[in-house]
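Two separate entries follow, structure 1 and structure 2, each one form of the same protein chain as structure tokens.
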Structure 1
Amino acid sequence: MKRLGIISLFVLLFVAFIAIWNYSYYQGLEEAYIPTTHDSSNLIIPSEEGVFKRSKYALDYAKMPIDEEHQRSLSDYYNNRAFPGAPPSVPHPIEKDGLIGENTCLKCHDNGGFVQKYDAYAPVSPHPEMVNCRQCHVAQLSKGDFKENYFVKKSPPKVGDNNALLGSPPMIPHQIQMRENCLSCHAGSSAPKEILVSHPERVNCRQCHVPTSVDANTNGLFIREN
């Protein structure tokens, strides 16, 4: 009876040890946890998630014929923006004036496609989750509302001169915020022809293309103070 007592005491201690060890082991794991999306077949770092957003269409983009007659150019693209990175104005009539956005706009701007009545391809919205479109995108009619002024448009970054060596991947000359979804602007029939990507099927764009670091240029040389 006494021996049984001692054995069960040790068994208890052993079980407690395993339980505590197990608990602290998983606690330790949690500290080193890198948040990724929960679908284990599709592990993505959240800040880079946008890069993969339209990647299921990548092969369609690669096979799509180019409709040269209706291609946009970068100067068309920038004519419609107050400055690089500004929300473009709406160049077409707005169907129902009472509506702020959502499906009124997304029926054309979610996936794009040719629109006969405007004789153009609808550009794909890089941010279909921001549904109050007209909070930021205003009609072009407001042109006459402003007095003449000295506002000068900053010129956009250069294209075609962003790589270190011939044939190496060019650096990303623009901000990444609100431009996470690379394929929405760089692929498909509405992409300006100068920036149409020749390889939409390499979906992990930021694996090869790194942003030019504006901060590093403006901070100047780092000098250590003793």
Structure 2
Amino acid sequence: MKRLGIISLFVLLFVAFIAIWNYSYYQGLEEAYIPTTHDSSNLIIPSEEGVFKRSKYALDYAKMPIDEEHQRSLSDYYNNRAFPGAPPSVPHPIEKDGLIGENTCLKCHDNGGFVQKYDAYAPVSPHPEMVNCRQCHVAQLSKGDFKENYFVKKSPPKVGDNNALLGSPPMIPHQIQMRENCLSCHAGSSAPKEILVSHPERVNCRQCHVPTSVDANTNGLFIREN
């Protein structure tokens, strides 16, 4: 009787081992679960959401040849703005004043590309969902001032002056609002050559590049509130 009990115990342990091993084996064969959507309890940071909007084009940007004859420079980039951070003006003729983004502007500025008519690459809009483009972007009617004034245009940030440490990733020298989509300005043929990123396939830009919105010298003593 005692021998039968011991044998029964070993049989039960063996069956349990087979069941656990079988479950573990088939669990290992399943593909990893990667959530592609988020619910209200797991919202991503709004200022980082735009970084991933053009991520599907990242490898295409990496493979694009450099067209040196039609490259923009940072000087061109800032000369088309009233001040650093201002919306760029429209540097080409606008055929009909009433036309707005979805049916006109975005035909060139949604995905960029070379525009034969203007002999230039169209910059990619970082916010194509805002289709009333003329609300912020005005026609460039004159390159000079209409009237003498005392407005002083602030100097734009210089490339290479905003690294926290020598060799560290540069910080973001501008506000992120309306410019959350990094690849629209830093990748592709229309990107200014001085800020053309060498690794557009690393789409999680904010993982290494942090904003410089707060001056470290102005920070006071950190006190934890109870």
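If you superpose the two forms and keep the largest set of C-alpha atoms that fall within 1.5 Å, you have the rigid core. Here, a residue number simply tells you its place in the sequence of structure 1, counted from 1. Quantities reported herein were computed from a predicted structural model and do not represent experimental measurements.
The form predicted alone corresponds to structure 2; structure 1 is the other form. Relative to the superposed core, Ile66 shifts its CA atom by less than 2 Å between the two structures. The rigid-core alignment places the CA of Asn22 2 Å or more apart between the two structures. In the core-aligned comparison between the two structures, the Cα atom of Ala164 sits 2.9 Å away from its counterpart.
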